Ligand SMILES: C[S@@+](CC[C@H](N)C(=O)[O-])C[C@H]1O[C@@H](n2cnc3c(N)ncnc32)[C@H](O)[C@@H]1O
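Have a look below at one chain only, the form predicted alone, in structure tokens format.
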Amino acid sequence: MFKRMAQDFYFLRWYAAARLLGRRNPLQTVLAIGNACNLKCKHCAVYPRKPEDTLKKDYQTVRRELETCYKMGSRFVDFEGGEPFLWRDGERTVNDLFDLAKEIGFYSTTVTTNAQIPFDPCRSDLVWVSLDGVGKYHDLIRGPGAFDRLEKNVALSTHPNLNANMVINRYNWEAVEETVRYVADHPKFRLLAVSFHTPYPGTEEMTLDWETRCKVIDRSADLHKKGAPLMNTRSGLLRLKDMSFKKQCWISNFVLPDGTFEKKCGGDKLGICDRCGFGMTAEMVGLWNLNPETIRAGLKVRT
């Protein structure tokens, strides 16, 4: 109870400073601890194409980055890769980074995994498993056998807040409804978050055409209305049909595998925000406008 009150009080202070004083301090950090991975996914713009391009931060580097983000105002951190569960620094594993974030003062930690290796036990507060569809759809994007390995390692997990994350593209858009049902029936998954592929350089051919994207959004919003376990809010989903709304992406800051700090995601520099498919882009607008649906969804996924 005290922890929740402290978080709520901090959010009110942060929001007042942003709204009334125009301060643009991040509330959340997306921190890449390296780019090493055990898959070569079709959509990936991060995976090192050459061995010499592999990046991995040591424990003290991550500490410094976390401390910097905390001083900037961030209180929630999402650990990403590559594949975070490959990370090692001597005897330390990624679990030590989750503990470190809490020691520094972050309220909550999140990690995104492709679930190709066992990830239990996991001391992060929330786990996102990348799921690009059921069976053949997942393997088409991530490689033969990837779905079977995912199912095996998810079954081994004892984490109480395990969720799935689907990025919709031209290869798997027909599998969205099946994936929603899969998550709904799965004994381990709580929620499914959906996003759309953003055309980063070298991955443009994965992008879904806009007309089909809007059809998928309408169908997903309908499933949401019927009680599907979607993390996205219905209003957030519908907002993704027209990206002309004013973005509030500064709410998250990004620390890249090479240690570069970005106040917004890379899409801003590349000029592709009008084709963004990141579901949280729409949810940040809801948070900025204190949309009750967005706040309820955030609390649900974090608890």
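Residue numbers here begin at 1 and follow the sequence given. Keep in mind it's a predicted model, so treat the numbers as computed, not measured.
Although it is not shown, the form predicted together with the named molecule is what the next lines describe.
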| item | value |
| --- | --- |
| Partner contact for Phe254 in the model of the complex: the named molecule, 4.5 angstroms, heavy atom | no |
| His43 within 4.5 Å of the named molecule in the model of the complex, heavy atoms | yes |
| Non-hydrogen atom contact Ser124 with the named molecule in the model of the complex at 4.5 angstroms | no |
| Exercise: Asn172 in contact with the named molecule in the model of the complex, heavy atom 4.5 Å | no |
| In the model of the complex, segment of 67-75, 215-223, 80-88, 152-160 with a heavy atom within 4.5 Å of the named molecule | 80-88 |
| Option touching the named molecule, based on a heavy atom within 4.5 Å in the model of the complex, out of Leu208, Met231, Ala146, Val167 | Val167 |
| Candidate from Phe106, Tyr137, Phe189, Phe196 lying within 4.5 Å of the named molecule in the model of the complex - any heavy atom | Phe196 |
| Members of 102-118 lying within 4.5 angstroms of the named molecule, judged by heavy atom, in the model of the complex | Thr112, Thr113, Asn114 |
